[in-house]
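Given next, in structure tokens, is a single chain: the form predicted on its own.
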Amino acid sequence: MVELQILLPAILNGLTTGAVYALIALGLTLIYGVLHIINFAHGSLLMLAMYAVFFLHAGLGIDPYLALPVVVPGFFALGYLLQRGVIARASHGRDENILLVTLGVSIVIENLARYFWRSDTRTIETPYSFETVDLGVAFIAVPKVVAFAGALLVTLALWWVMSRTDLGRAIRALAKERQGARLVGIDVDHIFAMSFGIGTACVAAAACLLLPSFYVSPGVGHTFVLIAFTVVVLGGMGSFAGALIGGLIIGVTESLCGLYLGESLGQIGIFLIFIAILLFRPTGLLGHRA
């Protein structure tokens, strides 16, 4: 039996990790909710954002958290241009083509990263990398606490945009009825690109929060995108609240499985949850049937 002094830190660590999973999944579920497609380039864009944060720190000495105002708008613009200039043009309006185009974009980005930066694993060191915060019941690493708070703030900001702004109303209208949104004067192509840009900005924010405590390599996106897909399915496709709750559940599950089964088997519980959700509640926790 694991003692409470060990169990509580594992749960808290799982929550801090799960918040970042949720942030990555938010971008994925936003793109699905509006475009109704799975973005296979999501993990590659996360990897690209992590490299951007790494080189800003290595070349200019910019702290990963201070890189947020640079990286997030930059990747929003990249996502907007990628959807408007490549995905929309190459897909010719067919959803199945979009899947193939995003898969192709992912392959191109990943192989270019291997060509320019090799397959070496890179990390950064900051003055707070090994500092901890005493929460009374456990000591948690400062980067994990900041990542948890940052992920919640970005989630709240996205919720505010979606519920309180004209852009958010247009996105929700387009997600409900594409043709109806077009008939009332919404620029559908622009909103598609904005949604893709916001989803890409979410992974850029996650990259800034991750890098002080994680590594970057050309294949790092696969580590997170499979978990992000699981979070989206668990929470419910297109549900922001579901993505947040699902991310926290997955983070705690991974941490507890690592505690009981060993670090190398920590992700078994994640995929067991994924299979169970598909079998017994395919709409997810907060999802609805179409």
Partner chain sequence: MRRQLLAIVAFLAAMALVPHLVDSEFWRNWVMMALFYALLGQAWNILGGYGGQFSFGHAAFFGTGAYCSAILHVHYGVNPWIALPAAGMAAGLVGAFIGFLSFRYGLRGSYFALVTLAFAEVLRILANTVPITGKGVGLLIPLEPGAANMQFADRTGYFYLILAFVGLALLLTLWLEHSRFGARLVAVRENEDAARALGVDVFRTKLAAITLSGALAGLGGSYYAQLFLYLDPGIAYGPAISVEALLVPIVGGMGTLFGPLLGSFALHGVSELAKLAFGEAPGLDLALYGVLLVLMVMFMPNGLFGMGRTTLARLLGGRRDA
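Positions refer to the first chain, counted from 1. This structure is a prediction, so every number in the text was calculated from the model and none was measured.
Below: the form predicted together with the partner chain, not depicted.
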For the three residues Val86, Arg114 and Pro282, which mark the spot I'm curious about, does each lie within 4.5 Å of the partner chain in the predicted bound form through at least one heavy atom? yes
Thinking of the partner chain in the predicted bound form, which stretch from 156-164, 68-76, 97-105, 196-204 has heavy atoms inside 4.5 Å of it? 97-105
Within 4.5 Å, heavy atoms only, which of Ile38, Ile62, Ile245, Ala52 is in contact with the partner chain in the predicted bound form? Ile38
Tell me, which of Leu81, Leu152, Ala90, Leu135 has a heavy atom within 4.5 angstroms of the partner chain in the predicted bound form? Ala90
Contact flag, Met237 vs the partner chain in the predicted bound form, heavy atom cut 4.5 Å: yes
With the partner left out of view, is Val34 within 4.5 angstroms of the partner chain in the predicted bound form by any non-hydrogen atom? no
Is Ala58 close to the partner chain in the predicted bound form, meaning a heavy atom pair under 4.5 Å apart or at it? no
So in the predicted bound form, is the partner chain close enough to Ala241 to count as touching (4.5 Å, heavy atoms)? no
Partner contacts for 204-231, taking the partner chain in the predicted bound form and a 4.5 Å heavy atom cut-off: Leu226, Phe229
